[in-house]
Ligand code: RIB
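Quick setup: one chain, the form predicted on its own, written in structure tokens, and binding and motion questions come after.
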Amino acid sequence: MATKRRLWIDTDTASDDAVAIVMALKHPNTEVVGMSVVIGNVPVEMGVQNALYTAELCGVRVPVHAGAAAPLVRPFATAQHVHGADGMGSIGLPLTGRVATSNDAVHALIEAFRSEPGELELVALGPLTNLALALRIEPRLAQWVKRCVVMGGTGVLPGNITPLSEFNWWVDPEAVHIVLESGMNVEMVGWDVSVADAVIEDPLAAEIRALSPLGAFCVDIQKVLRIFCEESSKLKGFDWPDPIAMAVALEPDIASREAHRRVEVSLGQGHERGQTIVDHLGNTKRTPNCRVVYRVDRERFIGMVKAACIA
């Protein structure tokens, strides 16, 4: 029997993060050992409620720790206009009253990886503030993390928050810089992968919704996102950047096109704040520091989502 993949999830839990969490919690060969919540899509306290509710719905108890409530140095605004006021589509879910395991996600993350160096994998679904703070406290964390799959940036497309930048990396580019320069084994699954391989059009959404109550949850919480994607991203349906990144984390060989590249982030202002810089041609002569995923097997991804909804 294969050894279970053991994950720590760092998340700014909103509607697509929740689906990614469902995929991890329901995957037969995966154990989620803990979750840390970071500012991003929603305020941290809201992200904690959303993560705990999702785990509860899956029938799984997992420690959830509240983390950074602001980027390292930048002002920013949440993405509640994208995911709903509660981050979960504003469909009336009971998202109050749950209590975080701790309010010290950064040290919880450090201790988890310190206790099992080289054994745990990290999946970062939101801004990288928690991870950057942890690295500043304990630089050895970079070597303790077996692999770190990051949903953020873009390999080839322009941005979704500015003409140049993807939201997660725009929120806290200084944190991204710290992580990319740390020596950690980073894998980037950018927003471009989601647009290419994880757009869920209405007929497929209806199919997933009909699978089970969990399938209905995964689709219904996209209510506000569905409208945003049609009006702003010009997509026919909604896209799932966090679930497609989770698919790569859970089954690394699902990537159908990838390359090892030097990846950096712009620390500038204006449109270029948080822009992803991928050295496709090796012009910088710097050593590659990131597995860049460009495409994923879409049919296999959809199969993973469906399997999670009926597990």
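A residue's number is simply how far along the shown sequence it sits, counting from 1. If you're wondering where the values come from, they're calculated on a predicted model, not measured in any experiment.
Absent from the display: the form predicted together with alpha-D-ribofuranose (RIB). The rest refers to it.
Checking G89, P71, P241, G215 against alpha-D-ribofuranose (RIB) in the model of the complex, a heavy atom within 4.5 Å turns up for just one residue: P241. The shortest heavy atom separation between F167 and alpha-D-ribofuranose (RIB) in the model of the complex is within 4.5 Å. At least one heavy atom of M151 is located within 4.5 Å of alpha-D-ribofuranose (RIB) in the model of the complex. alpha-D-ribofuranose (RIB) is not shown here, but in the model of the complex it comes within 4.5 Å of a heavy atom of L125. In the model of the complex, alpha-D-ribofuranose (RIB) sits within 4.5 Å of a heavy atom belonging to N41. In short, of 257-265, 272-280, 51-59, 241-249 it is 241-249 that has heavy atoms within 4.5 Å of alpha-D-ribofuranose (RIB) in the model of the complex. Contacts with alpha-D-ribofuranose (RIB) in the model of the complex, taken as any heavy atom within 4.5 Å, map within 14-35 to D16, D17.
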